[in-house]
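Given next are two forms of a protein chain, the same chain in both, each as structure tokens and marked structure 1 or structure 2.
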Structure 1
Amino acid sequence: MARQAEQRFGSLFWQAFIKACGYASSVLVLIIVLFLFSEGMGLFSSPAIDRELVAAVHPDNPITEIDEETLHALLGEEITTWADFRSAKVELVNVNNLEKKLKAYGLQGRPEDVLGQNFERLPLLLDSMLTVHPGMLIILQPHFVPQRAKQVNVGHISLGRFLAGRTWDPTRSPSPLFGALPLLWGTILVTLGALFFALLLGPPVAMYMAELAPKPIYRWLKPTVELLAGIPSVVFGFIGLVVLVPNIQVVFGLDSGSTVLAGCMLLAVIALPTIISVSEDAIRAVPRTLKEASLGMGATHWQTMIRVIVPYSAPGILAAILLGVGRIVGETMAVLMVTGNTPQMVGFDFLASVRTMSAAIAAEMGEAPQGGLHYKSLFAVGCLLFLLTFIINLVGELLVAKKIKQR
């Protein structure tokens, strides 16, 4: 009786322990996701200029707010006159062109010599310049802005420009550019190319190992595939940098071999062990009775493989491919080392350099001040990467469920 009570207590304890671990893991994942999105979405409630700067205009200028699009048009000199304000010509004064504006105003020498070591004479000078140039737009630190100048609200960074913007320049001053489209497209392009190479080798090798390989070859091939899965990705990246990149440069006559093609080939090799191992398990899980029934009906071994084994194991093979895609999308160091790390829109040019979302986060997070626009923008990229991975997994789950239902 005591033994039964002890066994029951042990069973209840382990059930409670397993449930607690499951709940704790779920809560931890939820907390991580909430933290990611809380940091990332903070970008879209932030002003479109550095948080340490303010924008100011002439006190008579009717402008009280400048949206993000207008701000970038002003900084890019696409807008040169103020609407409804005496047709005044826009004169920009910011941290980048201050010395140039001083020379245009007739003041020669270094800004420190003209304005003082701490630029204490700058507000008076800007006040005088406002009188001469009423269309002036000043974007500087608040203590440099003249008292009579009128501060204007600067629009927030928009989600639309983040998703559709074609320029990623998060360190540009005074107004950074957070166009994540080159990063998103670079990730998609590298993933599609790597998946193409992986599909050429992965499922066929798995079929060979499960159905055709002689035992001596299988005993050698199986550990080799598993060994590839255990090699750190940075080692693959180093091999790609030393071997793959120079050869691509020579073969295609490029200035640099760090291209999309190099990333595709390297990531395909990284994803192959996962695809091969999981696909082989799915193929070996096909019931022996199905194979024997097919052979008994007069089908050859090849016909049985194509018409019986492959359709039955398709959900498992599809799951293997999705796991490989997840490995490709989330890969960081290897792709950072061989793709050129250049955020640009390249279309379908596989011989151009790109930067993926994961590579951007790894390369820039160390230099992004905590809480700043750059910091928040990288979390926003992380949110985009999370959503991309989630969509891929969701579509994969639906396809696997559909395949299983069709059996």
Structure 2
Amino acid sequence: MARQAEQRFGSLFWQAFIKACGYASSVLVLIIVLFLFSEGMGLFSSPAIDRELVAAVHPDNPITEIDEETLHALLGEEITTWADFRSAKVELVNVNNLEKKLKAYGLQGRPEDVLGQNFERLPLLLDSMLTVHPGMLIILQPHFVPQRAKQVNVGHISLGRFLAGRTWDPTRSPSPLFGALPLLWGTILVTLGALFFALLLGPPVAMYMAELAPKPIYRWLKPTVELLAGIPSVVFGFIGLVVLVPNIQVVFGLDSGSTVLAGCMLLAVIALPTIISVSEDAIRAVPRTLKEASLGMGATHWQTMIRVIVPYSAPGILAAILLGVGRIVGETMAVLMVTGNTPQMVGFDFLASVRTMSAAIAAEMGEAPQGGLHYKSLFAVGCLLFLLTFIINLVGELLVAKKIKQR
């Protein structure tokens, strides 16, 4: 009896454990979303200048807040006068032009000699400059800002500028540019190209495997595809680097072979196994009777494939392609290694160099100080990447699920 009780308890414990684990993936997805978005969305509640900097103006200047748009216009010298402040001329002082401005103000010799080893006397000097140039806008570390100057709030980085900004320059000082559009476009361009190659190969090969391949050949083909799926993407990236890139450079006469094209070709290969296996399953799921009916009416095998099998399995093949796209979009190492890694808007130039979203995260996270704007912006890119793959995969899964229900 005691033994039975002990057994019962043991099994109850394990059953509880099993049930708890059952929710693991759901909980994990939620936690991942939570962390990703809490870090990433932090970008949009941060001022548009570097964390350790503040902006300050003449105390009489009525302005109290500079929004992101105005800031960039000021920095880009598109706005040169203060509209609300007697049209005073804007005199920008920041880390980049500090020395030049000081010289212009009449400072002789090395700034260190005049202002002290750590620029201790800089605030004093700026104070006097402020009197001469009331339109001054100081963007510096807080301890350099003169007592008299009035600190102004800098507006938050906006989601719109993040999504639509055409420049990704996360280390620009004092105000980095987080326009994710070049990264997004890089991903899209690479995906489109990869899709071209993958579509050329994937569905026909799946068709061959499901319909034509004789048993002995199939027995080799299937493990081949599985093996292809198993090869680490960094190995593909490496092969791309030593084989594709130099050849592309020679064939197209480029300065560098690290191009979108190289990325497309590699990613196509990486996505192929997914596309082939899922399509193959979809094609195999076509009911025998349907096929036999068509063959029985005198259609050739090929006609049957095109007119019966392909239409019937189309949703499944589409799902396969979407799942493949999901892989391509998220793939990191291979693109990082062969696409040249330059964040720029390139249009439809497949011989240009781009930086994709995933590559940006991989390449820049190492240098981004933890908790800083750059760090947060990479998380924001991560969120974007997550959402993109999430939607693509979800549609793919729904298609597969729908197919299964129909059966």
Partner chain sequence: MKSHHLNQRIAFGVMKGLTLVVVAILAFVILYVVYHGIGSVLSWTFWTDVPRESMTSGGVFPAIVGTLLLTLISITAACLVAIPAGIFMAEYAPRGWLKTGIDIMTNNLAGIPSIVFGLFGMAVFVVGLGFGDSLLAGGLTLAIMVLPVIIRTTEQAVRDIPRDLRAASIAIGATRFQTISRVVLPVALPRIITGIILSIGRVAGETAPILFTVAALYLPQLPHSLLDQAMALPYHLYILSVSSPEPDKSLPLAFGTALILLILVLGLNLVANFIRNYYKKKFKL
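Please read these numbers as outputs of a predicted model, since none were measured by experiment. What we label the rigid core is the largest C-alpha set whose atoms superpose within 1.5 Å from one form to the other. Each residue is numbered by where it sits in the sequence of structure 1, with counting from 1.
Here the form predicted alone appears as structure 1, and structure 2 shows the other form of the same chain. Relative to the superposed core, residue 316 undergoes a Cα shift of 2 Å or more between structures 1 and 2. Fitting the two forms on the rigid core leaves the C-alpha of residue 94 displaced by under 2 angstroms between structures 1 and 2. Fitting the two forms on the rigid core leaves the C-alpha of residue 169 displaced by under 2 angstroms between structures 1 and 2. Comparison between structures 1 and 2 places the CA of residue 209 2.4 angstrom away from its other position, after core fitting.
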